[in-house]
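Here's a solo chain for you in structure tokens, the form predicted alone.
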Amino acid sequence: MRNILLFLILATTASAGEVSGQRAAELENLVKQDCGACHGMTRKGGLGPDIRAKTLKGRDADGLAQIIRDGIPDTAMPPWGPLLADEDINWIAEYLLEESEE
């Protein structure tokens, strides 16, 4: 199932500009499923740290995007840059910083 999701992500990645509403929904699902696999389904932490907006408060979107893009060496955080366009990564960083509590 994960391979299918990654294929769909690669097949629908925007080539330039902002992400569409449909793409935003796909990326939101990616955050919930793939990020949730390590950071917990509620993003309160697990193998990876808590990545809820209140915990990330004070971080800037560019720094967060760099972590998403490049991963963190010697940890379980993979680099998503080879799989996602910069627009997608930037959207995810903003989403994590602005997401309201559930």
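As the structure is a computational prediction, the values presented were derived from the model and not from experiment. Start at 1 and count along the sequence shown; that's the residue number.
Omitted here: the form predicted in complex with a small molecule. The next part is about that form.
For the candidate spot formed by 45, 53 and 57, no residue has a non-hydrogen atom within 4.5 angstroms of the small molecule in the model of the complex. Using a 4.5 angstroms limit between non-hydrogen atoms, residue 34 touches the small molecule in the model of the complex. Of the heavy atoms in residue 19, none are within 4.5 Å of the small molecule in the model of the complex. Put simply, residue 80 is close to the small molecule in the model of the complex: some heavy atom of it is within 4.5 Å.
Residue 61 falls outside the set of residues with a heavy atom inside 4.5 Å of the small molecule in the model of the complex.
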